[in-house]
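Here we start with a single chain on its own, the form predicted on its own, put down as structure tokens.
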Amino acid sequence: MKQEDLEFLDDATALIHLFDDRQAQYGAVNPPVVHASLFAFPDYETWKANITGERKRAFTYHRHGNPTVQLLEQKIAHLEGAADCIASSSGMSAISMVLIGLLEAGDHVLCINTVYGPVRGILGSIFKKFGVEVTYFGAEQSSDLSPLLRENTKLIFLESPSTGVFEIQDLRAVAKLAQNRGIWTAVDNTWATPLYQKPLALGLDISIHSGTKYISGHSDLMLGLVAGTATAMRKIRAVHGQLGASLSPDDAYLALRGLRTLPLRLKQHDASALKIARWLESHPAVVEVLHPGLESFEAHQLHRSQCSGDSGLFSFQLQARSESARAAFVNSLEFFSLGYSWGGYESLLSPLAFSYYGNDALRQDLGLTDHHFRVSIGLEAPDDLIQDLERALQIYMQTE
């Protein structure tokens, strides 16, 4: 089958076959890991042609490209329907490249208020120092952001669903407004992955992933991914080469391995998380469950109109009890590890009481309480996870 025919296959099939050249790989099914910091030139003429731009070589120095990394980038670009993709050393390096590549001193950014905490940090420190202004908005405002626009607004930064309280932004409305005003748009698409949400098809310019999460899937590497339109990616790729936030070929290989099982893993994460969310919703100790896939979720219809499936990350709020009770709940869990990150094969739990720690005004604005918990449902049997939660909730309700 020709490469152009493969481009029309289902994503699951394309992930395994698209851009793999097994003849060039000596027949190896797995792509080789190319360990090389530099790629030598055969002669003076080739060197000169590359420098002058007359005939650019694909690979010259690892900071500017590597065959193993490029294969990962090609597959993600295909999934996103993007002109190009850049793989970098972490999710935050990917976000930083986007901000540096698209913004200049004196620009104004509109940013969703539930954005990943370190994004708030970098916008409020480094970019503030260079004269970039930021206005935060709530998800309910995303249907019409025009009242918040300024003459110097250059970027609208989204995260939908957001990964704390899972607010959904109207991606189509934001894209339409931005296109009419010549404003860049970027969204953190980590929760949905490019299998379940395709922001560029909805009109946005940039889709960003912490590939550390579902794309890797095994909690064993750091990875950032940026995919977008040709115009946007030219700006961002120039920054990538200058910053040097390169992905190692070994991590690219692990990410490629994770991609092959992404469709299967996501189906399991989706089904298990929804089953557990429905069970929690009926539990007397639970006040509310924040899972976009639940029909009871406030923005469920908007979410389903732009996202074809759900991942395994959601939050819930317990009845108010003491800190001792909260500690007893967390410490009695057997199958939920307490830790950062999410999207791996293992189940995790984190108390949202410590999100935006020290910023009480923001926590109040987001509706976060000391009794909110976030869970990442892994690949364990969902009934075992439910039994684990049931035991822990009984202890929670019995602890003074």
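Position 1 is the first residue in the sequence shown; the rest follow in order. These numbers come from a predicted model, not from an experiment.
Form predicted together with a small molecule: not shown, discussed below.
Sort through 322-330, 129-137, 68-76, 157-165 and report the only stretch with a non-hydrogen atom within 4.5 Å of the small molecule in the predicted complex.
This holds for exactly one stretch, 157-165.
Exactly one of D188, D251, D310, E80 has a non-hydrogen atom within 4.5 Å of the small molecule in the predicted complex; which residue is it?
Looking at D188, D251, D310, E80 one by one, just D188 meets the 4.5 Å heavy-atom criterion.
Among S216, S246, S210, T193, which has at least one heavy atom within 4.5 Å of the small molecule in the predicted complex?
Contact residue from the list: S210.
Is F336 close enough to the small molecule in the predicted complex to count, meaning some heavy atom within 4.5 Å?
Contact with the small molecule, no.
Please determine whether Q141 contacts the small molecule in the predicted complex, using a 4.5 Å cut-off between heavy atoms.
Contact with the small molecule, no.
Decide whether T153 counts as a contact residue for the small molecule in the predicted complex under a heavy atom distance cut-off of 4.5 Å.
The answer is no: T153 has no heavy atom within 4.5 Å of the small molecule.
S315 versus the small molecule, in the predicted complex: is there a non-hydrogen atom within 4.5 Å?
Flag for S315 set to no.
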